[in-house]
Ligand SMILES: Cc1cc2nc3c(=O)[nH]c(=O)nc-3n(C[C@H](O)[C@H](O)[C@H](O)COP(=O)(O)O)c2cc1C
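Take a look at this single chain in structure tokens; it is the form predicted on its own.
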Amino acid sequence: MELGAQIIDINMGCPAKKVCNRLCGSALLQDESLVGRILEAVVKAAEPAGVPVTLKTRTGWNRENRNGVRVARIAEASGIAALAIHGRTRADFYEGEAEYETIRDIRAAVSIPVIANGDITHADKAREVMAFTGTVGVMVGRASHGSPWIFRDINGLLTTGRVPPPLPRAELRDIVLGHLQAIYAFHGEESGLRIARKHLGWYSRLLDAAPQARPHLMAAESTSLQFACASEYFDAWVGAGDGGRPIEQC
């Protein structure tokens, strides 16, 4: 809060082994009394500044122990301002399909806002999940990788009843290149190059007519070369949308 945080979000949903092996993330769902003590301590620390504390969690540790409703009630009693629930247990990781029945049960059990998370891949799915669960909103994670404009589509449908028209390729290109520049500026040369590769791996799905694009983007040895390569591929992609031909290599 001293650094300017306007909200504190506690993550008890991470399923990663390196996190759960340290009894963090979703491993905490195994100890409901500890969950309560943690939440109460953080809420108490944030109260003087008036900063709300929220919680993200899962439906339970495993399918035999779906205690999401009990944890939600503990959270509400502890002063948590809102809940985001991923529709899988920790044991499910990200496999299979998210189930929304438990999220619906949690929404019915508490009076604080509940947000649904898990497999929200497009605007229609967001609306369907909200209607089924009764939640006030949705949280999107993996579906935004390589397509951050999904938030524009979801918000457009929820606020106007219609999905906005698709963005032209030139605007999508500008978003991609702007994202790269932001990564480089924030992380610097070495980390920026490495982190940008991950995002370019997702963005390169747009370049389906240039299968060689991804390996070339991954092989760039500096941010300047990586950006120049991305610019060439996406400029050609924009041109291909107007009847041009994509380049073969950067």
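Numbers follow the displayed sequence, beginning with 1. Quantities reported herein were computed from a predicted structural model and do not represent experimental measurements.
From this point on, the text means the form predicted in complex with the named molecule, which you will not see here.
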(request) State the residue from N117, T102, T89, T135 whose non-hydrogen atoms include one within 4.5 Å of the named molecule in the predicted bound form. (result) N117
(request) Please pick, from G141, P166, P113, G178, the one residue with any non-hydrogen atom lying within 4.5 angstroms of the named molecule in the predicted bound form. (result) G141
(request) Could you tell me which of 127 to 135, 170 to 178, 141 to 149, 74 to 82 sits within 4.5 Å of the named molecule in the predicted bound form, going by non-hydrogen atoms? (result) 141 to 149
(message) Is it the case that K56, even though its partner is missing from this view, gets within 4.5 Å of the named molecule in the predicted bound form, heavy atoms only?
(response) yes
(message) Test of understanding: in the predicted bound form, would N11 fall inside 4.5 Å of the named molecule by heavy atoms?
(response) yes
(message) Where, within 163 to 189, is there a heavy atom within 4.5 Å of the named molecule in the predicted bound form? Residue list please.
(response) none
